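The data below hold one chain only, encoded as structure tokens and taken in the form predicted alone.
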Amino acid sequence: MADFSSRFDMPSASSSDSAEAAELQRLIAVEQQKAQFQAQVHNFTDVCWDKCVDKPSSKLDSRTETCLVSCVERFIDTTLAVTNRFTQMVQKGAH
């Protein structure tokens, strides 16, 4: 990422300003990771609900619960497999 001070035409930053900018970037990255995680949860909730829940009721029957657990596990496994494969491809490209 470009230097924080140069993007706003500010005089060169002191070391404390640079440390604050680095901390702000770290906090933004953490918040982006949280947002991505929440989006994933929302996505597999939608997919698995549509796949497993025939009719909503006050209690989940064992078939529905088993279906939901399996669906979420498959979703997570698939996401991890794709992520790992992408990481391998990036690492091969970097060498």
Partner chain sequence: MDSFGSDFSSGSSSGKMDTGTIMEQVKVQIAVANAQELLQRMTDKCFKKCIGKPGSTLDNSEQKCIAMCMDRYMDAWNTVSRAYNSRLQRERARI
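Values in this document were obtained by computation on a predicted structure and should not be read as measured data. Here, rigid core means the biggest group of C-alpha atoms that superpose within 1.5 Å across both forms. Numbering follows the first chain given and starts at 1.
Beyond the structure shown, there is the form predicted together with the partner chain, which is absent from this document and is the topic of what follows.
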>> in the predicted complex, is there a heavy atom of the partner chain that lies within 4.5 Å of any heavy atom of Arg63, even though the partner is absent here?
In response: no
>> Since only the chain is shown here, I'm wondering whether Val82 would be in contact with the partner chain in the predicted complex (any heavy atom pair within 4.5 Å).
In response: no
> Going by the partner chain in the predicted complex, which residues of 27 to 46 come within 4.5 Å of it through any heavy atom?
Replying inline: Leu27, Ile28, Glu31, Ala35, Phe37, Gln38, Gln40, Val41, His42, Asn43, Phe44, Thr45, Asp46
> If you line up the core, does Arg63 shift 2 angstroms or more at its C-alpha between the shown form and the other one?
Replying inline: yes
> Is Thr79 one of the residues whose Cα moves 2 Å or more between the shown form and the other one, with the core superposed?
Replying inline: yes
